[in-house]
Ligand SMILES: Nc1nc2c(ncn2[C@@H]2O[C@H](COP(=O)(O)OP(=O)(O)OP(=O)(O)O)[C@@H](O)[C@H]2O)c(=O)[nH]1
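The chain below stands alone and is given as structure tokens, in the form predicted on its own.
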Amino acid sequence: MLDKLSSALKKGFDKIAGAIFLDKKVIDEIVKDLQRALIQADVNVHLAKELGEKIRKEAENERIKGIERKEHLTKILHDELIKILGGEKKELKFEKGKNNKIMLVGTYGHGKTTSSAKLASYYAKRGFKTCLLGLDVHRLAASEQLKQLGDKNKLAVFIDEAEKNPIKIYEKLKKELEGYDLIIIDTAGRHSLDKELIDEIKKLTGKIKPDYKLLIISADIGQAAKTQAEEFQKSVDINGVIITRMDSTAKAGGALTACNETNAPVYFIGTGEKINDFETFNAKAFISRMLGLGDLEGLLEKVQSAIDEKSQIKLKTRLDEGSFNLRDFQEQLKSMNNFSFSKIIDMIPGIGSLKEKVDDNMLNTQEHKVKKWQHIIDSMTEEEIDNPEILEKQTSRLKRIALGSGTTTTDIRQLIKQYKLLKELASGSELTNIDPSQGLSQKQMMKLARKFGKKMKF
């Protein structure tokens, strides 16, 4: 996402770091390149100009000299970019065991129903007993779409296709909803924020009393997000924003900065069509990824989104017992189907900066390889799954599995090699000492990243 802005930022930081003298000419070049990239990313012209003037002013500060001056300017640029993207990370706060409710609102065509399922799945993977409530009684097939998303992702869904009054639906289902920690409510939209939509949201808010009302905005509307956020804040008092389609538009910078200007915090961003193409928005990590520095916190969040808490506990137990086998490895491969390699490569420290050298064909090959490995394991006997080492000694077994899975003996040997690598990584204290409910500490993340980086090859 925002590849041109990312490239411009990297060049700007590199120019500062590589300049022998930070004279007026160099600063002007950096500022012009940065402002041009920000405007191309649909960031407000006034904001782009303001950032440029801030950098010029700091560069002319004669009290700061030499290397210290470069470091100071780099920090100013970094901090100002984070500021215009929203500053500190914002998080929704609620407790397990309580009947928490999140109501999603917005106009047609921004991905409200899909975001409902993504949000429910996000929290279900984190141990919340989560369900979806469909109150969009106006759009054709809205309830059916929500049900399909719920069934596909093992989420409880409550709808009533016969009833056309959303308040009556809620009243009818209220008792059943009480058993859930978190209820994600998909409401109706309109082509614009008209009086009917405002009245409906206000009535639903009065009856349901949601803990949060989140506005769904598509990134492709750019700076127009500011108007939408202001209108919804004024009319129905939203608490924040989820921005969808961050992966498919050059206007994402406009949507992000526009929401920040209205003091409507961006809590989540949607980055693709898959259920796990959804992440918390963190301006600091976002800038880090754009500079090719990775985002370990985001990477681990992706992993947590692909593997639910129960599966993590089961995996940890198997690792602790030393009983991790190819069947467990296959379960991890299946979870990888929920997100693409191209979505996580930016998050890997030391790898994101090499992204330009890693083409799409290479990433597609890796995804294809994962699917082949699953077929290979399905063609094995229980004995072979428990003791894959015997395959290396018996060519006849390799040929039989290759024939049954439509692969080659080379594919099978690659699988065994990767399995051994994962088992070696998993045997370290970085993984076996994880508390699934708490995740990795910063120290554990850095150790695992270094270990992973040494083993990672494209």
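All figures in this text were calculated on a predicted structure; none of them were measured in a lab. Residue indices: 1-based, along the sequence shown.
Missing here is the form predicted together with the named molecule; even so, the following discussion is about that form.
Looking in the predicted bound form, any heavy atom of residue 189 within 4.5 Å of the named molecule?
-> Contact check for residue 189: yes, within 4.5 Å of the named molecule in the predicted bound form.
How about residue 247: is it within 4.5 Å of the named molecule in the predicted bound form, going by heavy atoms?
-> Although the named molecule is absent here, residue 247 would touch it in the predicted bound form, with heavy atoms inside 4.5 Å.
Does residue 72 reach the named molecule in the predicted bound form if we count a contact as any heavy atom within 4.5 Å?
-> Outside the cut-off, so no.
Answer with yes or no whether residue 87 is in contact with the named molecule in the predicted bound form, where contact means some heavy atom within 4.5 Å.
-> Close contact is absent here: in the predicted bound form, residue 87 is far from the named molecule, nothing within 4.5 Å, heavy atoms only.
What is the one choice in 114, 276, 257, 143 with a heavy atom within 4.5 Å of the named molecule in the predicted bound form?
-> The residue in contact is 114.
Candidate from 139, 372, 78, 126 lying within 4.5 Å of the named molecule in the predicted bound form - any heavy atom = Here the answer is residue option 139.
Which among 100-108, 162-170, 78-86, 280-288 is in contact with the named molecule in the predicted bound form, heavy atoms within 4.5 angstroms?
-> Looking at the other structure, the answer is 100-108.
Who in 269-287 is close to the named molecule in the predicted bound form, meaning a heavy atom within 4.5 Å?
-> Heavy-atom contacts to the named molecule in the predicted bound form: 270, 271, 272, 273.
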